[in-house]
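For reference, the chain that follows is the form predicted on its own, supplied as structure tokens.
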Amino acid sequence: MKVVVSIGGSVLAPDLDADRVADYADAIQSLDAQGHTLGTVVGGGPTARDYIGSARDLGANEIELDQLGIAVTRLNGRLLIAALDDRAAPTPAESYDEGREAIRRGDIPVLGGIVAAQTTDAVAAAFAEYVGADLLVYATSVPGVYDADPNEDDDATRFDELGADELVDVIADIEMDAGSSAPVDLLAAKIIQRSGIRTIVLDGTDPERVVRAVEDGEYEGSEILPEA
């Protein structure tokens, strides 16, 4: 099975703990050993937010802030590459073409941000579409997709399953500011909608959850199903 795993920066490297990155590399290598074709996308997490916050205070414009965030995602990507050793492409892919070529060589590509104004949520969805992935897994700090912000609404209910059209509607109604509980952004949701790629959103704080989701179909989270 061809799988793209999107690892949130707050999940992979919230505090630059080497053991945490190594655990994620072990999970990816476990799936690789089972014969799955893999691609990974890494977010910026709290480190990116810290840099962006400081740069905003210094007067940087939004495109400059996006570029700064992209740089941090690629630094996080280099951490994962170091842990994956010779199974990963040697540097973070800076385009979808580079990522696809790495897969064709038999390497595991690691992508961060690609272009300004596009989050790594969207990068993961676009890359999954580009390489014809069978499954897209979002390993986030949020345990699935909810019908409202669970931090604001005690009655918020998690979807076990929802259609891609429904995902777009749900995400469109959730504010996407810092700290939002939305697991993916609206552009990512629309790419998932058009591509028809089966997608799972789960709590990725334990990387073994990603392995179980791919290998056994066992997970606590939300599955986005292609529309009929």
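Each residue number is its position in the shown sequence, starting from 1. Predicted, not measured: the structure shown is a model, and the values here were computed from it.
Not on display, but discussed next: the form predicted in complex with uridine 5'-triphosphate.
**Q** Does residue 82 reach uridine 5'-triphosphate in the predicted complex if we count a contact as any heavy atom within 4.5 Å?
**A** No, residue 82 sits far enough from uridine 5'-triphosphate in the predicted complex that none of its heavy atoms falls within 4.5 Å.
**Q** For residue 156, is any heavy atom within 4.5 Å of uridine 5'-triphosphate in the predicted complex, or not?
**A** Residue 156: no, not in contact with uridine 5'-triphosphate in the predicted complex.
**Q** In the predicted complex, does residue 39 come within 4.5 Å of uridine 5'-triphosphate, counting heavy atoms only?
**A** No.
**Q** Examine residue 92 and determine whether its closest non-hydrogen atom to uridine 5'-triphosphate in the predicted complex is within 4.5 angstroms.
**A** Residue 92: no, not in contact with uridine 5'-triphosphate in the predicted complex.
**Q** Which one of these stretches, 83 to 91, 121 to 129, 97 to 105, 145 to 153, sits within 4.5 Å of uridine 5'-triphosphate in the predicted complex when only heavy atoms are counted?
**A** So the stretch in question is 121 to 129.
**Q** Which listed residue (167, 28, 48, 201) meets the criterion of a heavy atom within 4.5 Å of uridine 5'-triphosphate in the predicted complex?
**A** Partner contact (heavy atom, 4.5 Å) among the options: 48.
**Q** Looking at 162, 52, 197, 171 here, can you tell me which has any non-hydrogen atom within 4.5 angstroms of uridine 5'-triphosphate in the predicted complex?
**A** It is 52 that has a heavy atom within 4.5 Å of the partner.
**Q** Residue by residue through 69 to 108, tell me which have a non-hydrogen atom within 4.5 angstroms of uridine 5'-triphosphate in the predicted complex.
**A** 69, 70, 73, in sequence order.
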